[in-house]
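Given next are two forms of a protein chain, the same chain in both, each as structure tokens and marked structure 1 or structure 2.
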Structure 1
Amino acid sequence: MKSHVKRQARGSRALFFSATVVGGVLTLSIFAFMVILGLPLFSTHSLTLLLTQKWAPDQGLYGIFSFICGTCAVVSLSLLVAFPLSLGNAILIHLIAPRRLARFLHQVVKMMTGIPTVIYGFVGIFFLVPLVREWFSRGSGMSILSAALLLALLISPTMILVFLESFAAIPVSHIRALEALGGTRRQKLVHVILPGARTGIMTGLLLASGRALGDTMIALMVAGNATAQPESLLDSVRTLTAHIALVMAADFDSIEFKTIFACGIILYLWTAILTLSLRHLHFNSTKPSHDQSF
């Protein structure tokens, strides 16, 4: 019986190890694929020019700097809007709202994670874009601001759910100890819930950053797809993901087409940094302290 269990354990370890190796090889193969197909671009244009020049194919300029700036602007602004909104909603559901209302709001947030991104895009085109255009009386309404607001709505459910899980993971004994000392609801939030859920809050923020960075439809439909360097939040921009989607129909042998692989490499490395940051946070949160080791 013991030998049978040992064989099963060895088989399971071998299976999981094989899956890990295959996943790692596929991930590295994708990166190598983008580098190899982008070599013609790197051989004719230096990395410095690629990252600093403007985008003007008719002039022989294939710089993607404005796309990087547009991506950073849209993602950063969406996180600035979504983070306090998500944290406030998570606190409302976990701590303030009555149980029945909290359960209903929790289900609504879960439902929002399943809405297709293109639906958000249509809402942005027919509602948010005209609203921004009329409110500021400038531009077409397809701008960094419009894309960031819509993207904030898209990533907020992800953050809310992660925040709620981190709040629920706080030991009940800590909360009961504060209540026994006569602590108020605000003290419970400030001194127990938020400090105890710090790692979960950072995890939710990083996960939302990855989703905002990889979104294509909202940037494609609402940001305006302008190739010029943005100067204000009301300017139209093209993000890296939108550029990949727009140039996919170009001539496969052209330098213009090769730029999508440079964009893919930047997105790949950016996502890898976010993933490694998540792994680092998870490792630090699960590592026992000196007091716990005894």
Structure 2
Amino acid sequence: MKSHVKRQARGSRALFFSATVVGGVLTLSIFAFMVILGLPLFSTHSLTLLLTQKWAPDQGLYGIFSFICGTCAVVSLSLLVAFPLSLGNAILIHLIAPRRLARFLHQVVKMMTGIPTVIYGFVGIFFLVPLVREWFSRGSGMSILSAALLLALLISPTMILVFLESFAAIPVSHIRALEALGGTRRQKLVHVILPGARTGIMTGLLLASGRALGDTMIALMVAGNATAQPESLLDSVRTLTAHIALVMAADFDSIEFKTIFACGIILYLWTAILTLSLRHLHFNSTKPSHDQSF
């Protein structure tokens, strides 16, 4: 064969492609498995019953409505706490704190993202839960409030980092323009930084809600796992994720066991909606996309 003749292209492309396909197939099969294993449940229990009934296996009631409520309560309260906290910290680091302190705070926030969730839960049980019990002198302290506060601590670093990234992406020229007009820090923030970082702020919120929704350990350890419908922030609740973890020990063939696949489907779809909103958000903005991992 002559030296100039083309050699057969090697199979690297095929190799890389198969790695991609394997990953893709596995992702889709997660959903498929949930549906297949959850199906027997829907043949005996209608979807409406599943979603509206209360949870009382001894009476033959297997509704997961209270878990959905519990999840919503924990997630939204944690966001309610974490959002202003994160925004304040991002503003502090980006705009107000002296450079050295800002760098230090930034490092602390980065470090916090590396703290294992189970440790948050562990410290929560022995530090926060007794505190909540004493403050409100009601119940065990294992409550929506405790879980939400800990989750807020867990998701804030992620939010702060995304906020900071979007603040940093705002063109310096816009800020200089306002400074030249004698704008104060607040005016810079209100007129340039916050409007410019709108997409970033939404991204941070969506990412953080995904993390809060997907977290298992904190709710499992400090929310108390009660199956009743929660009525106050001090009530103990069970989240969808915690329900999966708790029922795993039960008999595989029971109806009880099959409800965890319903929880799995709901969680999968819920996070899918968040992911799609994130993509939609970035599709509609010209800003560079952020890391979308929860």
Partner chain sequence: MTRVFDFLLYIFAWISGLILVGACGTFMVFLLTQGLPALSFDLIFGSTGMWDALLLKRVVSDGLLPAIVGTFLLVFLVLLTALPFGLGAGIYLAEYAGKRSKSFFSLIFDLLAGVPSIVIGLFGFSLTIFLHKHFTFLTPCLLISALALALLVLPYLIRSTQMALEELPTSLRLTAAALGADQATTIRFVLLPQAAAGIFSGIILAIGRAAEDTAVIMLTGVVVSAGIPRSLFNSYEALPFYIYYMASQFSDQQELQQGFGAALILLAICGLLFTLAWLIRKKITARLLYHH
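Each residue is numbered by where it sits in the sequence of structure 1, with counting from 1. None of the values given here were measured: they were computed from a predicted structure. C-alpha atoms forming the largest set that superposes within 1.5 Å between two forms make up the rigid core.
Of these two forms of the chain, identify the one that is the form predicted together with its partner chain.
That would be structure 2.
Large Cα move at L269 between the two structures, threshold 2 Å, rigid core:
Comparing forms between the two structures, the L269 CA shifts below 2 Å.
So with the core overlaid, does the Cα of I36 end up 2 Å or more away between the two structures?
Moves: no, less than 2 Å.
Superposing on the rigid core, I want to see if T27 changes position between the two structures - specifically a Cα shift of 2 Å or more.
Indeed, T27 is displaced by 2 Å or more.
With the two forms matched on the core, what distance in Å separates the two CA positions of S18 between the two structures?
Displacement of the alpha carbon, after core fit: 6.2 Å.
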